[in-house]
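Form predicted alone, single chain, as structure tokens, below.
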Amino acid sequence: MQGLLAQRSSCTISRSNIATKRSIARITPVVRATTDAAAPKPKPKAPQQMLVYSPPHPLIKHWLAILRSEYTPSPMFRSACAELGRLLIYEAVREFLPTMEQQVQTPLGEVADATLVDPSRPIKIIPILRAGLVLLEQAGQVVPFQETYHVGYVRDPATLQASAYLNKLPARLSPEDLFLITDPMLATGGTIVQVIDDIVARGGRAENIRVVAVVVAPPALKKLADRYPGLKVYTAMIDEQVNERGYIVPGLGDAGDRAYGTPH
């Protein structure tokens, strides 16, 4: 994973490389071959790449700095995490929320064309407990129609393997469902991969998933890129490494403990 740096623009991560780009990668559709000799040759299918987007916004940097500081008390930590969640979710649902075209009557008695979020297709929001809940505290301001399904995972401190203790996902999901997963930190990638695996096993599609995190690390990004190259991740920062305890460095500590005032 050489050359991975925190960027102020979007980053695409594929199975074989990590590169910086300033726009979301678009996948060119496959052109089917034909027997007509005069027909143009089909273009090769562009490889899918995982997108990691770190929005270059001063407020995102400000709230990240508050979260990083060891002197930030729990109430302020939680408030900063909620603010950062709102900003990142705003970016994540850009061109992702399903919309419909309508007309509305204005106070001047005129009719205006209007675009509204489609209430018939609420986004399925999946917070990974505990800390994933904090990122959602202001989500209602940017996602007007949503369904929330909680999942809980605990990581073994010795093996760093995550195991589920709560799963409220529906037994069956539709390929058309849209998902937003929140987890403040993606360190080794074990938990987030299990959650996405579960969504896909129930009928969801990785291409319809957005992940929102505060900080992410190369091991998690590499694991996600190898398994789900079409995924999109939104984060405040890509940190450099994960230590032997499985914590992101420089990171911000244990987000759940800091948010709820329950230090080890």
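Residue numbers run from 1 along the displayed sequence. Predicted model, so just to flag it, every value in this text is computed and none were measured.
There is another form of this protein, the form predicted together with a small molecule, and it is not shown here; the text below is about that form.
- Within 4.5 Å of the small molecule in the predicted complex, a heavy atom is found for every one of A187, Y247 and G253.
- When you look in the predicted complex, the only residue of H150, R155, R94, R121 with a non-hydrogen atom within 4.5 Å of the small molecule is R155.
- Comment: 179-187 is the region of 80-88, 105-113, 139-147, 179-187 lying near the small molecule in the predicted complex, near meaning a non-hydrogen atom within 4.5 Å.
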